[in-house]
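Take a look at this one chain, the form predicted alone, written out in structure tokens.
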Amino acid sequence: MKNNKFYITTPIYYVNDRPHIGHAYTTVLADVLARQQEKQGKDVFFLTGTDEHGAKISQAAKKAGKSEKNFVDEKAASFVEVWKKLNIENSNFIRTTESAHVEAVKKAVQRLFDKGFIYKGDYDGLYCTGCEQYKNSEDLIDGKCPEHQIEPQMMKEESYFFKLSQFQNVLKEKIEKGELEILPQERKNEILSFFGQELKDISISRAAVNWGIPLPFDEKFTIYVWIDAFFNYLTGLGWNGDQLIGSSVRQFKTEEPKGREASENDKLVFFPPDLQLMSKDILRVHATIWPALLLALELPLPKKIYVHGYFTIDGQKMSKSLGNVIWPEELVEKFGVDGARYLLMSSLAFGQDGDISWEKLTEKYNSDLANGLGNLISRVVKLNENIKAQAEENESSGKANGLLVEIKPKEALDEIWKRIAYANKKVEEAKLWEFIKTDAEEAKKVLSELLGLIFEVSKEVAPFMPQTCGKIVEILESGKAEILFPRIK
């Protein structure tokens, strides 16, 4: 059974603000891949959630005039709501303020201390509050954090350190050999280049941050937010800090909607992740600190990390101050659930950044969905009203599925839309509306082929657009055309 499992994760999202289009991309991609693996007969566990501790949360809560707890409750709820709107079917939604997570993290950090991987010292260096990460001077551009365009603070405080340096050689070797696979290749190269520098031990505690998990062996300190956050990939499966305790469905929260459920087999363990999705800004910590913690705890490493690119808006970085942010719920409101999912998945090539705008998205929606897929189905079904042709069995080449296995959603959709373009062209070139009157039998053969192609396309788009897949099947079975994707002005 274990060989038949598929465990996929998104990062847990920091709740200092509402979910944006980057969060939506990662989560929809995870949902698409989970649905695809489920179609292949895998027992799937899909974890997402929220990261709710740290200095940045305290600052944001104070600015909003709320307690930290009320603030994170409100923000976590906004993520749950947006994922519902995007038809995300996650198996569990983990929050780092949950008592079970807090207790497991304390146990795990205590174990690391008992095993000699944590020691006390003094931290003297740079710290970026924006990414809640420690920085070296070589990480900066013109003295600023490249992600947040702010100068890191010089920080000096007593601290506890994790012996990250001890894992430099073993981690480098595992990444080189592909035991911890990083995709695309340029991201793997980037990490291996980083390993050319000497890994330094990292501070795992904060003395000045109260909004966090207390360090179990010295409660004057709280646990550094990244250490706390990494353990979600274990606690989200029911880990108690000592061992993997199985993944019975009874051990997971049921208050959040879940489309898929874990196996009833108490012995089934999903860990380690088969695939961890993230954007490039958090790759380095996921390729160093996270696997080093696992090695220290004698737990298996993730099998694969996939790093996607960023969205820009008309060539500019998204920014609330510029007023150019596109929010996921706005996408759904304008283009519908499946339209929004399609536009997200077709916007970023493998590992690359993608430039979007409302104008570009509307144009693509009209071109691909209204004029492409929607128009094809409407025309073929209407033409078949009197002919009553039956769908011819039309096997897929498997190219789209293969590309999706390679985590290339845009390329997979491009492959599917080649078939849609072929079918639309065939309707035009055959002039079926005339052909039906002059040679009904021949027209019936062509319509049978086209109906078969549409049915096959419906199965191929199912992970991307599950509602649309169901509607296409209903239309084909009833023989009554309807507008799937109304044109948008």
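It should be emphasised that the depicted structure is a prediction, and the values quoted were computed from it without experimental measurement. Numbers follow the displayed sequence, beginning with 1.
Beyond what is shown, the protein has a form predicted together with a small molecule; the following relates to that form.
*Asks:* Identify which of P184, P214, G309, P300 has a heavy atom within 4.5 Å of the small molecule in the predicted complex; exactly one of them does.
*Replies:* Among P184, P214, G309, P300, a heavy atom within 4.5 Å of the small molecule in the predicted complex occurs only for G309.
*Asks:* Considering the small molecule in the predicted complex, which of F221, F117, W417, W226 comes within 4.5 Å of it through any heavy atom?
*Replies:* Only one option qualifies, and that one is W226.
*Asks:* With the cut-off set at 4.5 Å between non-hydrogen atoms, does S279 touch the small molecule in the predicted complex?
*Replies:* Yes.
*Asks:* Is H286 part of the interface with the small molecule in the predicted complex - any heavy atom within 4.5 Å?
*Replies:* Contact check for H286: yes, within 4.5 Å of the small molecule in the predicted complex.
*Asks:* Is F230 near the small molecule? Define near as a heavy atom within 4.5 Å, in the predicted complex.
*Replies:* Result yes; F230 sits at the interface with the small molecule in the predicted complex.
*Asks:* Applying a 4.5 Å heavy atom distance criterion, does Q37 contact the small molecule in the predicted complex?
*Replies:* No - in the predicted complex, heavy atoms of Q37 and the small molecule never come within 4.5 Å of each other.
*Asks:* Counting only heavy atoms and a 4.5 Å cut-off, does the small molecule in the predicted complex sit next to every one of G22, T26 and D51?
*Replies:* Checked in the predicted complex: all three residues contact the small molecule.
*Asks:* Counting any heavy atom within 4.5 Å as contact, can you tell me which stretch out of 301-309, 367-375, 386-394, 203-211 lines the small molecule in the predicted complex?
*Replies:* Of the options, only 301-309 has residues within 4.5 Å of the partner.
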